[in-house]
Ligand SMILES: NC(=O)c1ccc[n+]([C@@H]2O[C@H](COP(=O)([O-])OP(=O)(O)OC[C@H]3O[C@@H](n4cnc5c(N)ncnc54)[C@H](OP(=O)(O)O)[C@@H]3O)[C@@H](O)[C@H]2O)c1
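In structure tokens, one chain follows: the form predicted alone.
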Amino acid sequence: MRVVVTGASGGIGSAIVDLARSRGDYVVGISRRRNNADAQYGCDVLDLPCLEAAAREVGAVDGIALVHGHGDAAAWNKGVEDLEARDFLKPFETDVVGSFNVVKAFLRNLGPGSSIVLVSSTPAMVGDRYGIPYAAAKGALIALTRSLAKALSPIRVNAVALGPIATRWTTWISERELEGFRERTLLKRLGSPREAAEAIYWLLSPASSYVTGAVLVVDGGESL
């Protein structure tokens, strides 16, 4: 396959890049920092002209994994009484508007049966007292996923709803709080970036050729 991965330098993004390349795929990485993809573009997902220029160079692709996201430890830990309206704007802009920008830029590169995968989270479905602005943005991504699945068919559009995956957010809370996240899962542990990447890769690949408009929950049983 020829696939595009945004957020390609992050924990899950780099895991997808490495996984896809290990299986013989050609990977285009989009991130503001250097990544391990075959071709690299330093576009911000809010920079539509940069994304469009990259799409013109890349040509046809089989799939897009939208793994970028906004991270801010301060907003993650704010309670309702401390949150402000502006705390919701950046996560929404990066996750939702940024994802739409990438889809729009690369739409002509996709053909029937191509796959787009967005990354949401289980708090988008069940809520959480942590990262309320992020949960709200991830909820909007689920709505965007289902809308694009209808609007872009026969291009397939799906999402993964990730539970507690061991990425940089784990450094934003105490070890006691982190243990609470482990205990909330049925498997009593955090997921690894590789496990998240495997799920995203399945949705990218022809193995999921009859799946569209779906939200695949990958959370160790946290949301049950």
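These numbers were taken from a predicted model, which means no experiment stands behind them. Sequential numbering from 1, following the sequence displayed.
The discussion below concerns the form predicted in complex with the ligand, not included here.
S.K.: So, I12, R32 and V45: all three within 4.5 Å of the ligand in the predicted complex by heavy atoms, or not?
M.R.: Yes, the whole trio is in contact, each within 4.5 Å by some heavy atom.
S.K.: Using a 4.5 Å heavy atom cut-off, indicate which stretch of 81 to 89, 112 to 120, 147 to 155, 125 to 133 touches the ligand in the predicted complex.
M.R.: That would be stretch 112 to 120.
S.K.: Do V4 and the ligand come within 4.5 Å of each other in the predicted complex, heavy atoms counted?
M.R.: Outside the cut-off, so no.
S.K.: Please determine whether W169 contacts the ligand in the predicted complex, using a 4.5 Å cut-off between heavy atoms.
M.R.: Close contact exists here: in the predicted complex, W169 approaches the ligand to within 4.5 Å, heavy atoms only.
S.K.: I'd like to know if P164 sits close to the ligand in the predicted complex, meaning any non-hydrogen atom pair within 4.5 angstroms.
M.R.: Judged by the heavy-atom cut-off of 4.5 Å, P164 is in contact with the ligand in the predicted complex.
S.K.: Considering only heavy atoms, tell me if V67 and the ligand come within 4.5 Å of each other in the predicted complex.
M.R.: Result yes; V67 sits at the interface with the ligand in the predicted complex.
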